[in-house]
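Structure 1 and structure 2 below are the same protein chain in two forms, each given by itself as structure tokens.
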Structure 1
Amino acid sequence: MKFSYNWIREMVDGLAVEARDLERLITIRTAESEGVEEYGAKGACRARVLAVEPIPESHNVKAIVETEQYGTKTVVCGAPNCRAGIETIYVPLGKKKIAGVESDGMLASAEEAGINRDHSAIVEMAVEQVFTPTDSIIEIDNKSLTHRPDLWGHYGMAREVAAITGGTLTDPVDVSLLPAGDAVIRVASDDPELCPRFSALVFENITVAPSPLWLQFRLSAIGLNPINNIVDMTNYIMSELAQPMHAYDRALLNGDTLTARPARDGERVTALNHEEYALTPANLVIADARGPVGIAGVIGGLDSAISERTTSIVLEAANFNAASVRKTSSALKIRTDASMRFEKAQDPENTTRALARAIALMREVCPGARLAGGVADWKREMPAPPKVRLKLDWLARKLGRPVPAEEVRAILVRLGFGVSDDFEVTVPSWRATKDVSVADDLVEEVGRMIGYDSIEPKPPAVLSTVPPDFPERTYYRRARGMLASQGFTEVHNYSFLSEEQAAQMGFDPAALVHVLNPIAANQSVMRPSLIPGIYANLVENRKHLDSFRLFEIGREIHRRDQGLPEEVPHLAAALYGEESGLLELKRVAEALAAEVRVRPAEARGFEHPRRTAEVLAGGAVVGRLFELHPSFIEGRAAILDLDLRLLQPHERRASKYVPLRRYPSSGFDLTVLAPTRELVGELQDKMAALAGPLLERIEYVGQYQKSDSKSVTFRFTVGAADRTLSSDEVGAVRLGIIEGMRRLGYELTV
């Protein structure tokens, strides 16, 4: 949103703060500013051409000009309208030789002066025309004005500036100009909730022509294109009072009544942007007896637009429901300066003020125009906003510092609030739409005006309490830290999937939790697993990396027969590269929990049929370890999927100190013959159970594959805490293992 410094200064008497200092004050006290831009030709001033001489063999002329600021100058000019007596704009660009003549500066075209886009000739000004051809434009971040509909106009910002600087606010509106008597046109609203106020005036003897230069310059400076005197006047009022207006060619309207009503099924309208729009009852329109002549609060219709043939206009100023305008604007994909203001909930009292301002401006932009009849004004009776009681001791506690009562009163009055002796505050209409309604809002008004930098920062004087223990969060944090320390990168995926993604991983979309209003077409169901998201990460990252490792901690969402869905915390870690990462991920699981084992499992559709296992902790299944099926991804991608709810009870605890053994241990190897598909882990468990209490450690050494069997070698370490084992004791342990395994049907190489 752009604000003209000159425009604000016209409405704040005694404003002595320069534009760049004012921009900083506005940021501190009101809304975030994004900077100040100098607009117009630098150093430009008014000038009068005294004499013109042709330059031989050149289309240029030598002009002698009298400037307001720089005295008499000689300027070379090529404009076709450069002649003696013309009032124009001079720009001091320095001296330069053109066609053999030294030219000191230039005479500016309207485009060069920032007035409009015409560059065919130099500016021609009437003798009585006065305007400053330079300005400073303060740009305010739109997001910081969302809750302040009054600040979408210069008058609202001028009120803030007056309150900040102590200047006197001058109201540009003279409501006494509104004519009395019956209106020659009728206005109505079929839905008071969608259009609580609808006002209009009729002007006759209209001549459509270019606007005065000062008006064109002012609109161009804030980013609006000058069009003609009537349209420019409505845009000027919108930019000044934050009240959008629209002018209709009265001769092109059907009947003498304008009605704000919901559109009917099948109605269409061609807008000023020459686009045709199909309307629904969700769209509010302005209609005459024939049909829609505009989309309410958004854009006018082309069929009743102002043109060079217009001689009589209906000038409309209305108030519309903010949500309705926003929905229509979004549905029809039209974003206009008017819709942006109406979406913020404008002041219903502003419609007739805008018409009064139009009467004053019409005398300048179209001197021959005259009013026809009085004001047509339809409005819903609106109760006054409730008063807000402000307690000064409570205000001091909220702000963190006392503020004298008279200072509080002065601040609120300067901002337009009414304040009684006992500080019962009346909220003005322009702040009562969706802005100020409770005492806390008034605290903010006082706080920002005294300056938050005047409040000494102190910690809150309240006792701090230790928050309740949350073991799950602590466990997740430790898991994240462990994985990150081992080179894994954490990812965060959406909790939503498309039905296609779910079906790809073997989930029935009909059994999943569906989102009623998905944020995107490919996020229509809640994820029943972290695997689809991890798979998408693998596919995307393998385009750029030959190997990588990543993980995610999140929740699976499972449908329940009744009540809310069940959310199950899971950890999914993935390792991609040229070689298998199954053993590395098994080691990760062992680092996360004690007594972790894996055993082969039947593969699901996306898992490798020979490289899939269940993960067990304490004998219970807590997850899966697998490689992705080769048809799903090129390369080798191993994935560890753990249910943290089941895994957490088996978390590895800190190791306790165990003294070094005072007595040496003894060791021996045994090789057992087993079937090819016999699990090494099961063999190890059986042999460990047979070794008895003297067994310190059993380690897998290796295996040798035969045609129909395999030889698996283990190394046993035995010992006692209170003595050195004799050879007979070691032999007894060894013999017990051998005989026990033979009883179980195994052959051993001894």
Structure 2
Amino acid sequence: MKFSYNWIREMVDGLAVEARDLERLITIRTAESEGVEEYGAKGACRARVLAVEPIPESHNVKAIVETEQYGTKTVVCGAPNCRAGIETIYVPLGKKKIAGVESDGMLASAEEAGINRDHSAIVEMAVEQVFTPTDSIIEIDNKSLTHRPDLWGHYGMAREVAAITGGTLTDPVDVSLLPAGDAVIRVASDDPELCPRFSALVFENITVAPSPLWLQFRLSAIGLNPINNIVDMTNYIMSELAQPMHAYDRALLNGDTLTARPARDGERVTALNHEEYALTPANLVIADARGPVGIAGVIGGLDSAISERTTSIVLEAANFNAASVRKTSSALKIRTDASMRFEKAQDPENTTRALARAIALMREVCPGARLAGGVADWKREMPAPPKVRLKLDWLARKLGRPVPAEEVRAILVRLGFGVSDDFEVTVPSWRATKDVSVADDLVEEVGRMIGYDSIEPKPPAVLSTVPPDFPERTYYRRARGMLASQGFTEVHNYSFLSEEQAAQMGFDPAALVHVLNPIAANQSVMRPSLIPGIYANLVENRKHLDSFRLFEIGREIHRRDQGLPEEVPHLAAALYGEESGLLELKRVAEALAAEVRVRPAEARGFEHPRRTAEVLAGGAVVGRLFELHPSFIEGRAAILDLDLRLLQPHERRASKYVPLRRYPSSGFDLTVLAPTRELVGELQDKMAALAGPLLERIEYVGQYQKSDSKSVTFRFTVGAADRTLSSDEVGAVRLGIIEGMRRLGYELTV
């Protein structure tokens, strides 16, 4: 929202703060400013053409002008309307020769001066409506005005400025202008919730014409396009009082009644933007005898729009429910200056104030216009202004510093609150719709006006406690650290996938959680696995690196029939290079949990059919270890995918100390002959089982590949807690293994 500094200054008597300083004060006390910009031609000022002399053989003339700021200047001007006596705008540009004559500055067209788009002539101000053709525009971030319906107009901001600077606020509205007597039209609301108030006034003898230049300049300065005197006036009042208005051509309305009501199914309206909208009962409309003439609080209808032929108008100033306007505006995809304001919950008390302001302005913008009848005003019973009890000691505890009672009172009164002797605070109507309702809201009012920089930082007086701990968080952190120390670099991938990415990894897209409004078609489902993301990382990084390791800890998102989807924390690690990294990754898995085993598994489409295994912990499957199928990538990409939720309970941790052996152990090696694809892990299990209770440990030493078989060597360590084993005992264990294996059909080289 753009605010004109000059406009605010008109309503704050004695404002001595410059625009740039004011902007900072507003930021600290009220709402976030995005900056100040100078508006109008640089250095422009009012000027009067004193005399004009023709320049021989040129269409230009030499004009002597008396400027408001720079004294008398001579300028060369080519405009057809440059003549002695007119009030115009001078812009200092430096001296230069035009048509052989030295010209010191220029006279501006309306376009050059920032008034409107007319560049056919220089500006001619009406003598009684001369104005300063420069302004400073303070732009306030709309988000920071979300909760402040009153700040969507200059008057509301002027109130803040007066409160901040101690200036005196002048109300631009004179409600005594409102005519008494019966209205010549009728207004009504069928739904007092959605339209709590509907006020209107009729003007006759209207001449539609351009607005005065000062008004056009002001609208242009805050980013609104001047259209004609009637529309400009409604926009001006909206920008001043935050009350959106609409003017209907009375001759184009059917009947004398305007009603705010829900649209009927199938009703349509063509709006001022020339679009036709199909309406539903969820949309509130303003209707005449024949049907909708506007979408309430959003946009007017084209059929009853103001045109050059308009001679009589109905001026609507109504109040609409914020949620209803917001819904209609977003359903129909029309955002207007009106809907933006109504969405913030405007003050119903403001409608007739806007009409009173219109009466005053109409005298300037359309001098011949005449009021017809009194104010038509439908309103539901308005709730009494809310009252909030403010306890000063409570306020001091909330802020962390005391504020003197008189200072609190002065602040609240300047902001428009009523304050009783015992600090019962009456909330003004323009703050009561949504903004202020409890004492906590008043903490903010006082806090921001005393300045938060006046509050000394203080440590709270609270108990020291040890915070509860969540073991899974600690575990993830340890896992991350371990992976990084083993050469893996952490990546963060999106939680979104394309359906193709999911399908490529064997997921049925229909079974996934879908994003209803994806940012792009290739980010339309939630990832049911980290693998597609890791695969993309592999493909991308392979372009720059010959070998690398990476990992991610993130959530898989799985659809559930009801309620929230299931989120499963997973770890995916990948090792890329010329050689297979599968066993390295197995070591990673072993480091993450105790008793990790792997077991060959049936490969899925993207897995290498002979290099795929399930990872088990405590006997249950907790993940997979595989190489990518060579059709997916060149080179070898090994991937470990673990369900951390299942893995974490198996985290390595010692529970009880095992006493060190006091008697020496003995060792021997055995080499077994086995088929080439016999699993070493299974051989080891078999031999360990045969070794019996004296076995301390069994270790794989190595294997030797033969043409159709292999020989695998294991080292056995045996011992007992209470004695040194005799060579007979050791020999018996060894023999037991050999004989046992032979019974199972294996040969051993002894």
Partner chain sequence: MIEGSLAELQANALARIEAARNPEELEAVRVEVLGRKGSLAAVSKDMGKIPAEERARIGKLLNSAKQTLETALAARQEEFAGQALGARLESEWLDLTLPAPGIRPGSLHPVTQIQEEIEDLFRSLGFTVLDGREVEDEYHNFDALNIPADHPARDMQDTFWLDGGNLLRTHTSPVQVRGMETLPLPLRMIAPGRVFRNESVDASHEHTFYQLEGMMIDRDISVANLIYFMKTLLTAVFRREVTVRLRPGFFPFVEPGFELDIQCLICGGPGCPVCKQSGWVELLPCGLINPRVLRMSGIDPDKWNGFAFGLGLTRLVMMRYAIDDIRHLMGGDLRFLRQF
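Numbers given to residues start at 1 and step along the sequence of structure 1. Note that the structure is a prediction, hence the values are computed from the model and not measured. The term rigid core refers to the most C-alpha atoms you can superpose between the two forms while keeping them within 1.5 Å.
Novice: Given the two isolated forms of this chain, which one is the form predicted alone?
Specialist: The form predicted alone is shown as structure 1.
Novice: Given a core-based superposition, decide whether the C-alpha of Gln684 shifts by 2 Å or more between structures 1 and 2.
Specialist: Comparing the forms between structures 1 and 2, which are aligned on their rigid core, Gln684 does shift its C-alpha by 2 Å or more.
Novice: Would the C-alpha of Gly736 be classed as shifted by 2 Å or more between structures 1 and 2 after rigid-core alignment?
Specialist: Shift at Gly736: 2 Å or more after core fit.
Novice: How about Val615 - superposed on the rigid core, does its CA move between structures 1 and 2 by 2 Å or more?
Specialist: No, its C-alpha moves less than 2 Å.
Novice: For Leu483, tell me the Cα shift between structures 1 and 2 once the rigid core is superposed, in Å to one decimal.
Specialist: Here the C-alpha difference is 3.1 Å.
Novice: Quote the shift of the Cα of His514 between structures 1 and 2 to one decimal place in Å, the two forms being superposed on the rigid core.
Specialist: Spelling it out: core superposed, C-alpha of His514 shifted, distance 8.1 Å.
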